[in-house]
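One chain is shown next in structure tokens, namely the form predicted alone.
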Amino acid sequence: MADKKKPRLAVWKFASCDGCQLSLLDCEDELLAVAGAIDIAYFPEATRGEISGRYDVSLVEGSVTNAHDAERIKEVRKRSNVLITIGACATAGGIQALKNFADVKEYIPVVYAHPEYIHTLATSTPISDHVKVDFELRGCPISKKQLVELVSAFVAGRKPVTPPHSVCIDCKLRGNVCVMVAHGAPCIGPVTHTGCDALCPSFNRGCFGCFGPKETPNTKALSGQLAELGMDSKAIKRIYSTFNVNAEAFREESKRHG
């Protein structure tokens, strides 16, 4: 009886810092348990080797910021049975989506000595704005633990388990004192998706929203609390305008304080 064919995994890079791909490489010990069950068919960050053809699952890092990538992602989608976006860039446009709120044509001549060589779109957009996405794994960078869960779920043929609660729940589980209540520190943990195990609050710093908005975030109420801490509209706008500035809830709250 012939051996069952291993599923093929591909990892793609668009506009990003490579941090989420490095998170995958950093999982080498944990992934050894499932490595024998999959073929990493395409992953330029890790190897020059490539298995051409179709892929059972594609992990896509990065946002779409130029016309070439807007077309390239369509080809990736055609070749992938399952397409999963990883990281804030791929799921929300990334920190580079700050250009969505400015005139790019004004900035290019200031930054580049030869602006005639720069071919970019006016916006940085998530992959889901261009093709169908089957699952999103958030974070800047993504959680190593959630990534292992994602790959394990794929190998086992089940849905990944990524809790939708806020960072506040993680603080309670770790026994952290609330930095907003105890120290008056600005924190958007109440509206931010879990994934970091409350890293910053564990060091008495407010959450920066690296994992984007949680399900049904009450950003308006949180902004009211931030105002009571003494933050003006400019400061509140800034706290939402970081890694996930283009995620809908953060984008709209940022605009509300514009």
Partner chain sequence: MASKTIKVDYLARVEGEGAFKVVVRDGTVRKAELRIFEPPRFFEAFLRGRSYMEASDITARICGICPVAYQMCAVHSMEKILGIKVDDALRELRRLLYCGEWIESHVLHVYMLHAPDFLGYDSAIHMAKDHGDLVRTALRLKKIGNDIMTMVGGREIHPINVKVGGFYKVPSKRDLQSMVENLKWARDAAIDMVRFVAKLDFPDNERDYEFVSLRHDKEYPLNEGRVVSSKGIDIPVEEYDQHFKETHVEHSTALQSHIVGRGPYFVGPLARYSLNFDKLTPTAQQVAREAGLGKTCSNPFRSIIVRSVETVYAVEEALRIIGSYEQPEKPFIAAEPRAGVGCAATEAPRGLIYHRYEIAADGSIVHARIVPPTAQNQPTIEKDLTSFVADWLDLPDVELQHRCEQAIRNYDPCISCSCHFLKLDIDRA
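Numbering follows the first chain given and starts at 1. What you see is a predicted model, and the numbers here were worked out from it, not measured in a lab.
Quick note: we don't show the form predicted in complex with the partner chain, though the next part is all about it.
- Taken together, the three residues 125, 159 and 229 all stay farther than 4.5 Å from the partner chain in the model of the complex, as judged by their closest heavy atom.
- In the model of the complex, the partner chain lies farther than 4.5 Å from every heavy atom of residue 215.
- For residue 106, a non-hydrogen atom is located within 4.5 Å of the partner chain in the model of the complex, even though that partner is not displayed.
- In the model of the complex, no heavy atom of residue 182 sits within 4.5 Å of the partner chain.
- In the model of the complex, the partner chain lies within 4.5 Å of some heavy atom of residue 72.
- The contact with the partner chain in the model of the complex, taken as any heavy atom within 4.5 Å, belongs to 98 out of 82, 98, 173, 177.
- Contact with the partner chain in the model of the complex, judged as any non-hydrogen atom within 4.5 angstroms, is confined among 165 to 173, 107 to 115, 129 to 137, 146 to 154 to 107 to 115.
- Taking the partner chain as it sits in the model of the complex, the stretch 221 to 258 comes within 4.5 angstroms of it through a non-hydrogen atom at 234, 238, 241, 242, 243.
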